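Consider the single chain below, provided in structure tokens and representing the form predicted alone.
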């Protein structure tokens, strides 16, 4: 059974998953634009202090979600079809993070509440 795009793989806390999340965030927020080149797998592994195989696994997750395309000579680049969140959503997320940080909220708690609200598991009103 394949995973759906954007679904978190079973090894959610793995270093590969963390690298995947960071690049996915950069792409969906528009900070890495269409056609921009990602660092090499070796450079990413060095930057994150992980084995090259771990970085390669993260890049495979990005390819699976069609966020990047890897070509031998051209390297790994952000896909032309990578979805970027609307600027209004990114702006509200930035406002949320500033406010949450100001009141000392834990990042994991904020993300957890966002997931619950997104999945409509709890009536928050």
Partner chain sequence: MFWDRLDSFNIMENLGMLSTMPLLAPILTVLLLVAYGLFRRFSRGKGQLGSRTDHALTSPAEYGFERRTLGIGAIAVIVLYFVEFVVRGYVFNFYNTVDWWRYATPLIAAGLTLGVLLLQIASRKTVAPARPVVATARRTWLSFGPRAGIAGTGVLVAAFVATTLAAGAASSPDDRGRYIYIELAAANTTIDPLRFWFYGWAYGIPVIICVGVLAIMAWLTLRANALRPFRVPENAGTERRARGEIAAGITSISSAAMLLALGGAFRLINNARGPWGLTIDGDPRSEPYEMTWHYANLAAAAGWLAPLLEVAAFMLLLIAARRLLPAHQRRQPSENTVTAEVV
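Keep in mind it's a predicted model, so treat the numbers as computed, not measured. Here the rigid core means the biggest group of C-alpha atoms that line up within 1.5 Å when the two forms are laid on top of each other. Positions refer to the first chain, counted from 1.
One more form of this protein, predicted together with its partner chain, exists but is not displayed; see below.
Original post:
Taking 4.5 angstroms as the cut-off for heavy atoms, does residue 94 touch its partner chain in the model of the complex?
Top reply: Yes.
Check residue 75 for me: does it contact its partner chain in the model of the complex (non-hydrogen atoms, 4.5 angstroms)? Within the cut-off, so yes.
Can you work out whether residue 42 and its partner chain are in contact in the model of the complex, taking contact to mean some heavy atom pair no more than 4.5 Å apart? Residue 42: contacts its partner chain in the model of the complex.
Can you check whether residue 37 is within 4.5 Å of its partner chain in the model of the complex, heavy atom basis?
Residue 37 belongs to the contact set for its partner chain.
query = Looking at 84, 100, 32, 69, which is the one with a non-hydrogen atom within 4.5 Å of its partner chain in the model of the complex?
reply = When its partner chain is considered in the model of the complex, the option within 4.5 Å is 32.
- prompt: Listed by sequence position, which residues of 45-65 have a non-hydrogen atom within 4.5 angstroms of its partner chain in the model of the complex?
  reply: Result: 46, 47, 48, 49.
Report task. Indicate whether residue 98 shows a C-alpha shift of 2 Å or more between this form and the one not shown, with the rigid core used for the fit. Result -> Comparing the forms between this form and the one not shown, which are aligned on their rigid core, residue 98 does shift its C-alpha by 2 Å or more.
Outcome for the Cα pair residue 19, residue 103 in the model of the complex, compared with this form (closer or farther; change of 3 Å or more):
Residues separate in the model of the complex, at least 3 Å farther apart.
Taking the cut-off of 3 Å or more as given, in which direction does the distance between the C-alpha atoms of residue 91 and residue 31 change in the model of the complex, closer or farther? The answer is closer, because the C-alphas of residue 91 and residue 31 approach each other in the model of the complex by 3 Å or more.
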